[in-house]
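For this one, two forms of the same chain are given in structure tokens, first as structure 1 and then as structure 2.
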Structure 1
């Protein structure tokens, strides 16, 4: 009888352990939910990936410090498992498969279009579903609809018309192109080229380069500058974008820059100085977002105190996005039912955040595409200052 009892007890304990496998170990009456992150955490794009990670770390720490989240009779806390992919699709795919098959993770954050595309090929597989939290302004949902994907920042297309208007208002007609390569940069380049020429401008040179592998952009700039452009369309992660701008100025370029949304002008200014950014067009610096969303001030200070540097949109958006994810789980009544969690984003006010409480104000979600509704911003450097334009509520256009 003792042997039979022992066998029954062992089976029961094994089944209980399996029941919690996807959520990690149960500690102090709380169940740990693991969230995956695959991102460039080393190499020239490391700063970009680390900014994403910082936003998630801050949000998770805040939720856990407040006691976690209770759904039904269970209280959950969260843990981030981050893996470096150096923005290589094969590495991202391997990371995701490890998260899903070995760690039973149901939610994976990914911040680059190149690698998100590889995840979109597997995240709807029956029995292995996972939710992609996509930090990319490339509207991948328009190319390949995915029922288990949520996109955080606004699509880059919202900036094109306004940026071209600002540039041509300066009398710039000839544009040279030196944006990053890959799915994100290629689509940005195609879109900008078509819009620029349609608006009456001319593309005089094209020399795209990998902002994740190059550290000397002189050969590309030589090609572009030989065509005598009025403005250079450039950008990728902030650090290499700063190199492009600095090297262009050192080669004598006096014109303007249109800087794609991944790069942040305030971070670039820290490296180049504002003088070299004169005539730059791009995304509003994150801390100036406090003019519309007051909570940004406290968030930026907290980040500065903890990390010793200026906060970025990646950090602020992913921090807010994680809180939205938690809201969706509450609406779903589950931390591991992928279909229910995705549906939860569109229930109640799960995807609505106030700028009084969070550093970024979201107005909901497009339930058909999975795109969260965050307004776009545009800015130009004039006389050494960032001059911002009105917020673009693109979903109303």
Structure 2
């Protein structure tokens, strides 16, 4: 008897949960368009995934509070469905399948280089097409042979030349390498090593470490420092990168660092202080970008108010990227025709934003590769300040 009650109760609760999950709010006369996000929302990449999500949440909130977007004679509002993939390609594939087959989603954001490929494998299937909004700096994706993909940040190869120029300008010739392991770090390492030796430098030590599982880099650093490098190439997520720099300094290293684009110099400075970053070369910290793009100031402030921490490029770029997507949808005259939306990016300056209006300025899209054109900016810390902030318009090179 008690068992029966329990079963009935369980079934009833499950049904209620199902019904609850199933019903989406519908504002009168407005149609909701769902956008998918598959990202690391828990685990070692959680901070990164949450930054991406924050940018999309803010943009969607803004569009919806303004009453949505009218395309043709329908007004649309947006809803973000975010699913955790823990940076595992198989999970992002599952998420994407769920989005497309169950939730009728046509646009999916994916911010990790190693999971994008799994989406590229399925997004051109007839009847199940979807657009990938890829947040990755891995250069091969910026030349991606995928019909329905758009990449947002500049490819990392943009920085390499500029960084080497800065480092060699300091007279540094000997480089020690301590970047993160794994496919992404390897790709970076290979690119950097090639360019560095080509420019006349030498690589004196290599000790890549897993930034995701290692919590003490001293044995790696002593190995690298034993070869007396002028500069250490390092980087992975910001927190462990800060630790690498801190530990290198406390081991008495006086030279410079070249920090890969995944690590954020401002976040590192928060942990180590500017003093230890002297001679550090990397990507422009986001708030410094406000010098060129005034809207960044307001955006950074708004973000600080809402989330209580410093804004990142991920957030700012995805926020702007979402507005570009909406523009593309307007140009396409459709929110669900994937081919038309992809074509919409190239129409009527849909992918052009100014720094007056948006925190990040884009100069359009390369219609053949799907790469959005955002300039990259290399910086160096000298005398406690970020210097050398020239925008690199890499697509013109």
Partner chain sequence: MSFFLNQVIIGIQLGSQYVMVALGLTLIFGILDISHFAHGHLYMIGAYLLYMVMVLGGVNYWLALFICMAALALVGMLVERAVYRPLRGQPQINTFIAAIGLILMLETLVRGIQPKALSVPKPIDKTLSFGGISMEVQRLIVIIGAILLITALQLFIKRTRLGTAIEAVAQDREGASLVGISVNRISALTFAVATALAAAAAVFMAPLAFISPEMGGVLILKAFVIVVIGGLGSIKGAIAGGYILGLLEALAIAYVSSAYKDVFAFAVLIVILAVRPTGLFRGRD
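Owing to the predicted nature of the structure, the values given are computational and were not obtained by experimental measurement. Numbering follows the first chain given and starts at 1. In this text, rigid core is short for the largest set of C-alphas that superpose within 1.5 Å between two forms.
- Label of the structure corresponding to the form predicted alone: It is structure 1; that copy is the form predicted alone.
- Using the core for the fit, does the CA position of residue 308 change by 2 Å or more between structure 1 and structure 2? Not so; residue 308 is displaced by less than 2 Å.
- Message: On a rigid core superposition, would residue 159 pass a 2 Å threshold for CA movement between structure 1 and structure 2?
- Response: No, shifts by less than 2 Å.
- Just checking, between structure 1 and structure 2 and with the core aligned, does residue 125 shift 2 Å or more at the CA? After core superposition, the displacement of the residue 125 C-alpha between structure 1 and structure 2 stays below 2 Å, so no.
- Shift in Å of the C-alpha at residue 215 between structure 1 and structure 2 after core superposition: It moves 3.6 Å at the C-alpha.
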